[in-house]
Every structure is written in C-alpha cells, then in structure tokens.
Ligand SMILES: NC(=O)c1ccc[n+]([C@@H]2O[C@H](COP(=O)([O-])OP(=O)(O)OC[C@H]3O[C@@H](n4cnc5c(N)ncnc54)[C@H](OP(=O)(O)O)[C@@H]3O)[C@@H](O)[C@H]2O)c1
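Just one chain follows, in the form predicted alone, and it is written as structure tokens.
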C-alpha cells in the first residue's frame, strides 16, 4: 500500500489482537488513526507503537462499544476529523455480561444445552452484535454525508455452524453476517462499501483459553495483513485463512450424524 497521510481510519477493539494489528498496518502507511477500546493503558501502548511505525496521528478513545453513551462520546470526539475513510468494527469476543465471565466457546458448559446461562448468552450477543449497531448508526449517516467510505465488520467463520458447544457465540456471528448482507444493498448506491471479515482461528487473547487443537491457526499480524488487502481491494467478504474456509464448506456437506461423531471424539478430553 502506498503511503497516505490523509487516510482517516477508525478501529474498534484496538487494544489487542486483530484490532491492534490492523492499526499497525495502517500506521506503516502513515494513516491517521482513531483507536477505540475499553483498556486505556493498552490503547496507549498500541498508539505509541503506531506513532513509532509512522502513523500521522493515533487518537485514543476509551469506551465500551456495548454502551451507547460511550460510542456517542467517541463519535463526538471524531467530529473534528474531516471524514472517516475506513471504519473497522472489530470489537467482540466471547465474554459474559459484565466481562468477568470468560467463555471458552468449546470447553465451557455455559453456552451448551447441559448448563445454559441466559445472562452470558445475552452478553455475547450484545458484545458481538448489538454493540456494532451503535457504531453503524452514526457511521452510515456520516459516510453518506461525506460521499462514501468503507465499513468493515469482523464476524467469524463460526457463523458457518461447524463449531459445537458455542450456540450463543455462533448465533451472534450469524446475526452479524445477515446484518451486513442486508445493509449492503442500500449502502452501496450511497458510496458506502460494507465488508464482512470472517476470520478462522487467530492467535489472540480470546483463543488463548481454547483447549483443543485449532486447525490452520494464524497470527494476528497475518490476519490483519490479509484483511487490509481485501478491504482496500473492495472485496465484500473476506475469509482467512482460505484453508479453514474450504474445510468448513466441505464439512457442511458431511451428514450431521458423522460430524457429531467426529466432534464427540475431539471434545471427549474436555469433559
């Protein structure tokens, strides 16, 4: 990517993982960054790395995207920017309602039919779906007014439904997929590109607690580089890595009874 010091990029969930890696990709391009997440200290560290890497600006916006008032405050802070060219709605995960209940989506019982928690299921949905709505509202309006822009939303290949013991997490990502697909038709004539990013297994804080072998695991830096290439090329749906995407597609063709048998073998040590 050629340097562009007048490219204004917003990234949510920017304090670690894919979000931090996305920020560093655009920093090396010299872009102007707005970094939004809950953890002030970690955001400060990411901002410092971005400035050292060549970013023209690295604003720290502290907030929780599941709180409309936090998003509204961040939107107000960005009013001084002439435009927002790229918005990566990347915040999300598998945490419970208050962030204290971390859910290992394939090992913990509180997302399963054997020990279900409505509070955690609701928290996962707010984290991975509802929180994005609070950003989409002002971003779609602003980009329409400025004549265009790109919004990239991070979903997951879990939406393919191939991952057991993760009903609420899968549901949240499937809802996000449907939302982006549904909004794209009217957004495009207004100059707004909507991009759905669906990672496979990426080495982040979220995957640290997963207790089974994750096929085709990739680093956050590898994932971010692939996502930025796709977004800048105008690809509407980006799935990375392609190997896991293909495996998921093929798995969907296998009879459910055989898939269930295979997963029971894989997850047996976790019980």
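Residue numbers count along the first chain shown, from 1. Model, not experiment: these values are computed from the prediction.
From this point on, the text means the form predicted together with the ligand, which you will not see here.
> Decide whether residue 204 counts as a contact residue for the ligand in the model of the complex under a heavy atom distance cut-off of 4.5 Å.
Because a heavy atom of residue 204 falls inside 4.5 Å of the ligand in the model of the complex, the answer is yes.
> Looking at the partner-bound form in the model of the complex, is residue 86 within 4.5 Å of the ligand by any heavy atom?
Although the ligand is absent here, residue 86 would stay clear of it in the model of the complex, with no heavy atoms inside 4.5 Å.
> Is the gap between residue 248 and the ligand in the model of the complex 4.5 Å or less for some heavy atom pair?
Close contact is absent here: in the model of the complex, residue 248 is far from the ligand, nothing within 4.5 Å, heavy atoms only.
> Should residue 241 be counted as a contact of the ligand in the model of the complex, where contact means heavy atoms within 4.5 Å?
Result no; residue 241 lies far from the ligand in the model of the complex.
> Counting only heavy atoms and a 4.5 Å cut-off, does the ligand in the model of the complex sit next to every one of 39, 66 and 173?
Yes.
> Can you check 72-80, 194-202, 141-149, 180-188 and let me know which stretch has heavy atoms within 4.5 Å of the ligand in the model of the complex?
Partner-contacting stretch among the options: 194-202.
> Which residues in 74-90 have a heavy atom within 4.5 Å of the ligand in the model of the complex?
Sequence-ordered list has one entry, 90.
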